[in-house]
Structure formats: structure tokens, C-alpha cells
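What follows is one chain in C-alpha cells, specifically the form predicted alone.
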Amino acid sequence: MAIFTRAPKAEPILGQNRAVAMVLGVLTWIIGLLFFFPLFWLVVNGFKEESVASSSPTLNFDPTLDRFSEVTEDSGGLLSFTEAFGNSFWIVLISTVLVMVLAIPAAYALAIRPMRKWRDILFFFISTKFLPIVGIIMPIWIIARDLDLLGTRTVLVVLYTAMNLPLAVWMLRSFFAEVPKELIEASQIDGCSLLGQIRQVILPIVAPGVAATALLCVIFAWNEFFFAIQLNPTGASTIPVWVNSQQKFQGQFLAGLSAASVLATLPVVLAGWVAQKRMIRGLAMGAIK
């Protein structure tokens, strides 16, 4: 006599999965709001009067743009918003372009045509990030002084290029390694040169990864503070140095400092928002392996 057993119903399991997914979704939103709240409060304080921003936290206030106009107006001092923004713009732009020009051929060589001990080469690149910046600032300062580069954009361009180059090589190498070798071999059979392979075959495929790498280099260079404050405190000050100058020794400055911080983060936020699709696609592309 055949014995038939009733299969367990799937409805309770589905219900449990939905409950778990709902709880995880709520926790994700809570954690995201906790991380976002300091930025939200920074923006809110930028629209307050100094007396209101320094008092007890409140959302009941009359918004004003006076703090933004105060921190952006050129007062003739050592630091001004327009000069600092211009310095940061050109330093970040030139250093990022140099990083990509140097990192793309290096990543191609390490991924497409790996040489002997290529892992040691990669480790050497990343090992340059092990040493704390404060441990090398003195010899860098002396070299910059002897070369008459203190207070210039050039010294920061060189340092930011060296700072971001190891990261760019590592990221681009992972992207290049995912390019099908058959496409490269087909281009070689067609008589495509090395430069043509990179420009016509590889770069169109890894464009999201290149965009993600370039954006990360822009963010790191834009936010860098230690080199800028040590080597260019006044002559070629950048946005982080300008924000630091908004701290006053007398009186209240919280609202003004918040407004300056909002202006400093706005270009990076806009750049990330514009390139978010390419950045997410590029980061996901590099994580396949």
C-alpha cells in the first residue's frame, strides 16, 4: 500500500522571507539615514544665523543666504573662495589626467601582457600607500623648498599624481583583465597597433571602470588636506585649506563654517551624482572576479 505524504506548504516560508526582507529593508533605511543626518544638519546650519546655529538644535528658523555670501566674497585676505576653488580645480584636473595617462598603459601591461613577477610589481605599487603621510612630509617639504615649489600648484599636482597612481593601476588592472583575449587577438590579426588596441578595443569596453577610477581620483585629490596645509598654506591654497580658514578665534563661526563646508562638498557631490551610473557599473565590473 502506497503511503503518500503531504508536502509542506510554501506559504509560511514565503511569509517568513518577506518579513525578513522587510526588516532588513527598514534597518537599511535607518542606517542610511544615520549616515546621511550629519550632512543634512551641515546643510541646515549653513542657512542659519550664527546665534541660531550655536544655540540648541532646532529646525524652526528663518533661512538665509547671508552665510554663503559672507564666506564667498573676496575680502582681500590671504584666502578667498574663488582663488581656492580655482587652485583645487586645476590641481585636481591636471593630476587626474596625469594619473589616467600613466595608469592605463601600466594596467594594460600588467593585465593583457603580464611580465615575470607581475604580482611583485602590483605589491610594490600598493606598498607605497603603507607609509603614513606624516612620516614623509619633512623630506618632501625640504625637496619642495630646495626646488622653490613651496606655495605653488606644481608640488600638489606631483604629489596628488603619485598619491592616486597606485590605486588607479590596481583598479584599472582588474578591469583590463576582464577584457576577452579573443578581441585583442582579433585586433592584432587585423593589424591594429598597440595604441589602436587600447583606444579602439579596450577602452570602449572598460569605459565604466575608467570613469569610476577617475572619479575616485578626483574625490581623493579634492578632499586632500595634509599636503595642502603643509606645503601651500597661503600661496596656492585649496578648498580644504580655505574651509579650515573659516574657523575664527573670536566670535561664533559654526554657521559660516557649515556654509563653507557645503560649498566645498558640492562639486564632488554633483560629480558623483552625474557619474553614478558609470561608477556603479564600473565598480561592479571590477568585482566580477
Partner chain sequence: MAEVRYQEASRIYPGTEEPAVNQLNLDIGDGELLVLVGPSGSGKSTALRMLAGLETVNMGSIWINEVDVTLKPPQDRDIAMVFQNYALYPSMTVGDNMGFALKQQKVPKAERAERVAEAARILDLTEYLDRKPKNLSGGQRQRVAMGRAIVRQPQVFLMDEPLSNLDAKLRVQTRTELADLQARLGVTTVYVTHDQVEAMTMGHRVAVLNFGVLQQVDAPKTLYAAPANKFVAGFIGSPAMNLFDAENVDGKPGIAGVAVPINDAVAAALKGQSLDKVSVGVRPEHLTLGTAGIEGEVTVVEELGSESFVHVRTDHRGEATNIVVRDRGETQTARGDRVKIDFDGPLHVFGEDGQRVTA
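Everything numeric in this text was worked out from a predicted model, so none of it was measured. Positions refer to the first chain, counted from 1.
Not pictured, yet referred to below: the form predicted together with the partner chain.
- Though the partner chain is absent from this view, in the model of the complex it lies within 4.5 Å of a heavy atom of just one residue from 192, 94, 149, 211, which is 192.
- Proximity of 188, 201 and 204 to the partner chain in the model of the complex is complete: all three residues have a non-hydrogen atom within 4.5 angstroms.
- At a distance threshold of 4.5 angstroms between non-hydrogen atoms, residue 183 is in contact with the partner chain in the model of the complex.
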